[in-house]
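Presented as structure tokens, the chain that follows is alone, the form predicted alone.
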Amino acid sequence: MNKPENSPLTQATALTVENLSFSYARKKALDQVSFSVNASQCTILLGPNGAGKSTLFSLITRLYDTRQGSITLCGFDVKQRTGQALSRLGVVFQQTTLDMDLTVMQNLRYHTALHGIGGKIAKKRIQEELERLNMYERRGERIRQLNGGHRRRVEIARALLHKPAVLLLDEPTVGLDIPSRHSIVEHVHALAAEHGLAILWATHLVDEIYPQDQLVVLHQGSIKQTGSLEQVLRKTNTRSIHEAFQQLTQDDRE
């Protein structure tokens, strides 16, 4: 994989969220959320179900409109310069968005066409991404023939075809078996470490965190802690991320 376009292997800030708040009627889903993600960095957005992770992703992708605060992708405000911002973004949603009756290749061809990627380049990129995920030999199979882990691999491949600078993953391993989970976690971390992507991975599973990751702990719409794994453990005076996570979200467990 070549270095992502618009995202050199540097520590440049690729995603910035500042003072972001959002409510559903009178229920506040996010309250003054601020953090950033750098190129070549995997940031884990860690929070229990209902913490506001999916709402945050819906705001970043413009499924919801930003009412308070700002979101910037590669220097472009997602509200003011939506097209330029979102062209730098790849997304894997929690619920699959693949067409179950199309083949792997047809799904990916459709995505490249939406991004205006020509035939030869599209074919080359599709082959590269599928081979990297050990899925090229299955390119002619319909999506409904694949298991959950293989479908997720196709979605990750699709999210990378237009060479984004930022990759969002919303609980991508939920419902998968352990080998599939581990394979996807390893692949995504390699994308950040080796290929310069800025990655924001939303999860409630602490075993998906690597020691080098940055953490953003979100609970009831507010950020409870940020920093490296070592910094979060030190700030919470805990010995494991599982213990720290319990402490930071303890009122959910009472």
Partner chain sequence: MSSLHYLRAMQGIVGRELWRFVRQRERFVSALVRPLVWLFIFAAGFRATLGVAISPPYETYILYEVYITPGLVGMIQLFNGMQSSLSMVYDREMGSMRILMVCPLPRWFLLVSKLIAGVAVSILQVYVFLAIAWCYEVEAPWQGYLYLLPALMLSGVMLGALGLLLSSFIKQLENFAGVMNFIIFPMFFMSTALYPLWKMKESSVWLHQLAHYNPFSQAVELIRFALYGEFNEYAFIYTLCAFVIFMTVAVIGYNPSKGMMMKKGGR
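Positions refer to the first chain, counted from 1. Quantities reported herein were computed from a predicted structural model and do not represent experimental measurements.
We do not show the form predicted together with its partner chain, though everything after this point is about it.
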In the predicted bound form, the residue from Thr61, Ser40, Gln214, Gln225 with a non-hydrogen atom within 4.5 Å of its partner chain is Thr61
Using 4.5 Å between non-hydrogen atoms, is Glu186 touching its partner chain in the predicted bound form? no
With heavy atoms only and a cut-off of 4.5 Å, decide whether Ile178 touches its partner chain in the predicted bound form. no
According to a 4.5 angstroms non-hydrogen atom cut-off, is Asn134 in contact with its partner chain in the predicted bound form? no
Is Gln95 part of the interface with its partner chain in the predicted bound form - any heavy atom within 4.5 Å? yes
Arg67, Leu102 and Gln106 all contacting its partner chain in the predicted bound form, non-hydrogen atom within 4.5 Å: yes
Would you mind picking out the stretch of 23 to 31, 41 to 49, 188 to 196, 205 to 213 that comes within 4.5 angstroms of its partner chain in the predicted bound form, counting non-hydrogen atoms? 23 to 31
Near its partner chain in the predicted bound form, with a heavy atom at 4.5 Å or closer, the residues from 152 to 169 are Arg158
